[in-house]
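Quick heads-up: it's one chain on its own, the form predicted on its own, in structure tokens.
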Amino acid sequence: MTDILIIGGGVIGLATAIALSQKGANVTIVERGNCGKGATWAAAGMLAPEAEKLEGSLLEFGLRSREMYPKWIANLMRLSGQDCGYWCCGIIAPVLSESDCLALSQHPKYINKSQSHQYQSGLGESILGSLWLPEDGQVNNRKLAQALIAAARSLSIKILEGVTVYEIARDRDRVTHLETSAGRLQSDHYILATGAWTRSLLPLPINPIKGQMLSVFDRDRKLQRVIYAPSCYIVPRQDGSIVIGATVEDRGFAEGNTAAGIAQLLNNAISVYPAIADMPITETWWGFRPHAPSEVPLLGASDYKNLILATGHYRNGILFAPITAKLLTDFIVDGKTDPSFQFLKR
């Protein structure tokens, strides 16, 4: 029997498994599909607590996690031998109206139209100014997923893919076992990291929010900053790919891309970076974000003594992964809860 069984093999489940294993725990991950192929695979990989305009303790959570990224990535690269596409390229958050320019003119990171074009050439004429956020950046989420899986395997973490959890069996205040397609699984501790699919196992307030996305190819690689506009974000990769996202659709688990969704993204992206109009489309896809009330993740203790929650990270699962893994590991291994974050469930 394993010490800790993690339900869900996305970025949160994998990151937490690695942190626990490095603290000496015997960890198993159970994943209904393939690890790293859900919201983690569909994301853009932005590390953008400032561009996302997080507030209060959630902003502090994001800033602390962003600060952890260099050492966290170095550890993953050492374990996996793989590059994660981590790039501190900075983010330009365009301002598109005179009133917003006036409102933001005293912001310490505000730059005018001329300065915006100096930081990134080729911006659209609709951009009247912007916030320049040099510490925000990105990681290549698909490379990150592959590195996380390789790192987990290097630590002999057991990964059960293609195994569906049908029920979290409970007796009074404890989880007794999981009923799964591979039979009954038991552990001392359980971590629920099922993202948008959380409600299928527990009645928690997590809802799927669909996002459609696409990518184009920039042969000239002239875009060197993430552009986080009010109506879209544009994320250049170092290999010339540009990721464009994302719609926000409260439609349950409705699959597929739509002409309207892709057209909306392209029109918005072209308006802020016109060169996209001539770039070939290379891929379209969609994913489901796990939305929690007030966009605050559910982390820490549950109603059951040996079940820990790690879900509801919404748009910021990749950003929040390092600090989530650390806090959950501290909580499980050492019994410590960081008092800075009131949203950590006791």
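The first residue of the sequence shown is number 1, and the count goes up from there. Here the structure is a predicted model, which is why all the values come from computation and not from measurement.
Separately, the form predicted together with a small molecule exists; it is not shown, and the next lines address it.
J.: Of A44, A292, L309, L58, which one comes within 4.5 Å of the small molecule in the predicted complex, counting heavy atoms only?
T.: In short, A44.
J.: Check whether W197 has any heavy atom within 4.5 Å of a heavy atom of the small molecule in the predicted complex, and answer yes or no.
T.: The answer is yes: W197 has a heavy atom within 4.5 Å of the small molecule.
J.: Spell out, yes or no, whether the shortest heavy atom distance between V27 and the small molecule in the predicted complex is within 4.5 Å.
T.: Close contact is absent here: in the predicted complex, V27 is far from the small molecule, nothing within 4.5 Å, heavy atoms only.
J.: Heavy atoms within 4.5 Å of the small molecule in the predicted complex: does V11 have any?
T.: Heavy-atom contact with the small molecule at 4.5 Å: present for V11.
J.: Wondering, does I4 line up within 4.5 Å of the small molecule in the predicted complex on heavy atoms?
T.: No, no contact at 4.5 Å.
J.: Please name which of the stretches 295 to 303, 35 to 43, 274 to 282, 58 to 66 has residues with heavy atoms lying within 4.5 Å of the small molecule in the predicted complex.
T.: Contact criterion met by 35 to 43 only.
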